[in-house]
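Have a look below at one chain only, the form predicted alone, in structure tokens format.
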């Protein structure tokens, strides 16, 4: 067997291991509850049924409301992250600002702090300014983690833009902001798309802030709502997997459509600068 075939076999085996939980999630979602723990387990649901999707997704208003809340929170987090992080990354890369290195170290340190350690202080602070149980509070909480990450990844993109090009733009009459918008930003689009996707997916699956800051049922994201399917009286695994499959759809669609930008953006961001 040639080396290439060995690599192919290993790659297929590793991919199968990673995809096995996804397959089992879909497999369980198409089973009846009585068949979930059958021995031996059925590798293919026979007959497949949509009853779990009907009862847990389409007939449960909490799931629909949770999905809508999650979409609003993830979209708001993405937009606010891009509005703040992209100009900030350009400023840290191209403007003569003091304390750039300590600022970058601070951004890295913030990313190391677990969300659960930030949730309680945020609950106290947001409670004093009326942001608990609001979309704004949840978006700001998610941005506390996504903005430092976005700045860290976007700054190398702007450092890779030749300074002579930016200087030529200024000579032609552009202001610093004009050079940023007309020159630096267009050549950094892959990084911007990458950060938009990463921010959206991070907010889409976020759980801790949703649990701590959305005290009412009406604003809870689906990651919190789905946890309620497990309780002291047991778990309806086929329904839990059906909801999980629906929640995973936007993640899979986004990754499939934008995988070229995501991979290129992350690798370029790691090597540039």
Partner chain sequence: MTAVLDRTRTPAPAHRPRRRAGNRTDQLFLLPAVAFVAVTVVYPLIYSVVQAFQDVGLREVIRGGADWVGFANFADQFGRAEFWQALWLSLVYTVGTVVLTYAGGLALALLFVRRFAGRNVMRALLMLAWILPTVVGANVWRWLLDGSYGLLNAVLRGLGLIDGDLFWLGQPGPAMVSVIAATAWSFAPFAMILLVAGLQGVPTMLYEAARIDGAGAWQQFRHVTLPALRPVSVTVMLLIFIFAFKTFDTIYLMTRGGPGGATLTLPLYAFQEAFEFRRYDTAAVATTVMLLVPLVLSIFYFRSLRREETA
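Heads up, when I say rigid core I mean the largest set of C-alphas that superpose within 1.5 Å between the two forms. Remember, predicted model here, so these are calculated numbers, not experimental data. Residue numbers count along the first chain shown, from 1.
Form predicted together with the partner chain: not shown, discussed below.
Report whether the minimum heavy atom distance between residue 49 and the partner chain in the model of the complex is within 4.5 Å. Taking the distances in the model of the complex, the answer for residue 49 is no, it never comes within 4.5 Å of the partner chain.
Contact between residue 130 and the partner chain in the model of the complex at 4.5 Å, heavy atoms? Although the partner chain is absent here, residue 130 would stay clear of it in the model of the complex, with no heavy atoms inside 4.5 Å.
Contact between residue 20 and the partner chain in the model of the complex at 4.5 Å, heavy atoms? Close contact exists here: in the model of the complex, residue 20 approaches the partner chain to within 4.5 Å, heavy atoms only.
Wondering, does residue 55 line up within 4.5 Å of the partner chain in the model of the complex on heavy atoms? No.
Since exactly one of 84, 72, 187, 165 fits, which has a heavy atom within 4.5 Å of the partner chain in the model of the complex? Exactly one residue meets the criterion: 84.
Hey, which residues along 156-182 are within 4.5 angstroms of the partner chain in the model of the complex, non-hydrogen atoms only? Stretch hits, in order: 156, 159, 167, 170, 176, 177, 180.
Flag for residue 43, CA shift 2 Å or larger between this form and the one not shown after aligning core: Residue 43 C-alpha, core-superposed: shift of less than 2 Å.
Has the Cα of residue 32 moved 2 Å or more between this form and the one not shown, judged after a core fit? Indeed, residue 32 is displaced by 2 Å or more.
After core superposition, I'd like to know whether residue 20 moves between this form and the one not shown (criterion: C-alpha shift of 2 angstroms or more). Moves: no, less than 2 Å.
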